[in-house]
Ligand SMILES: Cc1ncc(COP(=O)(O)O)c(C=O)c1O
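Here you get one chain, nothing else, as structure tokens; it is the form predicted on its own.
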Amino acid sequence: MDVENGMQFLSHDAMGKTGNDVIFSWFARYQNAAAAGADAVNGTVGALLEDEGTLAINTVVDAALREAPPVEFAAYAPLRGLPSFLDLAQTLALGETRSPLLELGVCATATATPGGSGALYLAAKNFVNEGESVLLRDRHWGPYAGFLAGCGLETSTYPLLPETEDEAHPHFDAKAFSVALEKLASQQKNVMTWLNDPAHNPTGLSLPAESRYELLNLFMESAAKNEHVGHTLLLDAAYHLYADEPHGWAETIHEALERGLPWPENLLITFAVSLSKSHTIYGLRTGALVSLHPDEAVLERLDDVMGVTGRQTWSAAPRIAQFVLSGLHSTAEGGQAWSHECERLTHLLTERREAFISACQRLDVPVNPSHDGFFAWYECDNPTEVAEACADQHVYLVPLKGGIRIGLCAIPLAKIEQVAQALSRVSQE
């Protein structure tokens, strides 16, 4: 039987959906090697594991979930989310800068979503027109392309790092970003960029304050110059609560406004908030899209759009985590208990990153700058060959476009040296 002819019930769009997820396929290879008795290292998954290999779980969150009333597991949430959770989502995005921003006239709203992925979908579906391009770094989380393509969108990119040395902004190519942004603004009715910062996936890069300010200033300037083009700056905050500056972007926005930078009416700033990593509830699919704008009426209209989009896609986001976590964070005791456990998990990541960077420096392994979060990055032109060579040494990493993602979140501290040695052997071949 001809499979293509036998699949005529699929739409044209569906026929193009092929292939296996590269991360899960390499994780399966690690599992097979470990099951066969190899001393294998798992650097593939994007979930935080304890040093003994079990899933790291914030015990405070786990205990609170288990005490929740049965009705909170079973009932629907409101279409936009529980009000208490929407309030929490804004605080998680903005931190202690939330009130100072409000005092400067910045209004905020939120919509609950099934994980950070749901927040990305809301943005892709509503902030640019079909056929337009969304601006990304050239190194980005692979599923971005799928979310955008599924909404009929294209991608445009700029380099992750400056192609020539830039003392002012060593981790941000301001010139390339400006050129790419201006090109889109001259061709499209709407412009949106997705920026996974801090703790970028797949590199662990975090922009310093100076680069955050420069990027925001360029975006504001573009919006002011192209007053009839909608501008949306989406900050993917999937890992931000594991960063040294978890609310750096809120602080940068506040700084810009205090310096007198005007907020153009055609500019929207949004945060894609995920509780999967920060609260170790990956499977409960809880997140939010938090939006900022000076005009409350704009945000009220936005609430309608997001609510309708959610209703037409997933109905309502899961209720249980919204209920439990908003309750947990509503008291000083609960918030402090969660924070203490989160700090423990952050320490795991910090130890592993410091050990990895130290080992790579000692072994002359040229890894990219990596500051926060779950990952580190080895830039190369032949990622599949490099990953295969590491796998021959039973070190399993993920080959992506332009390099290798190293899942520090999954690698026990005692195995970090083994990973650096595998990359060293490959880099010297």
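These numbers come from a predicted model, not from an experiment. Sequential numbering from 1, following the sequence displayed.
In what follows, reference is made to the form predicted together with the ligand, a form of this protein that is not presented.
_One residue of Trp141, Tyr242, Phe356, Phe127 in contact with the ligand, assessed in the predicted complex (non-hydrogen atom, 4.5 angstroms)_ = Comparing distances to the ligand in the predicted complex, the residue within 4.5 Å is Trp141.
_Proximity to the ligand in the predicted complex, single hit among Val290, Leu325, Leu207, Leu120 (heavy atom within 4.5 Å)_ = Of the candidates Val290, Leu325, Leu207, Leu120, Leu120 is the one lying within 4.5 Å of the ligand in the predicted complex.
*Can you say which of 211 to 219, 273 to 281, 332 to 340, 297 to 305 gets within 4.5 Å of the ligand in the predicted complex, counting heavy atoms only?*
That would be stretch 273 to 281.
_Taking the ligand as it sits in the predicted complex, is Gly115 near enough to touch it, meaning that at least one heavy atom pair lies within 4.5 angstroms?_
The answer is yes: Gly115 has a heavy atom within 4.5 Å of the ligand.
*Should Ala238 be classed as touching the ligand in the predicted complex when contacts are defined as heavy atoms within 4.5 Å?*
Yes, Ala238 sits close enough to the ligand in the predicted complex that at least one of its heavy atoms falls within 4.5 Å.
*asked:* Residue-level question: is Asn201 within 4.5 Å of the ligand in the predicted complex, judged on heavy atoms?
replied: Contact with the ligand, yes.
_Distance check, Arg285 to the ligand in the predicted complex, heavy atom within 4.5 Å_ = Contact with the ligand, yes.
*Residues in 364 to 382 close to the ligand in the predicted complex, defined by a heavy atom within 4.5 Å, in order*: Result: empty, none.
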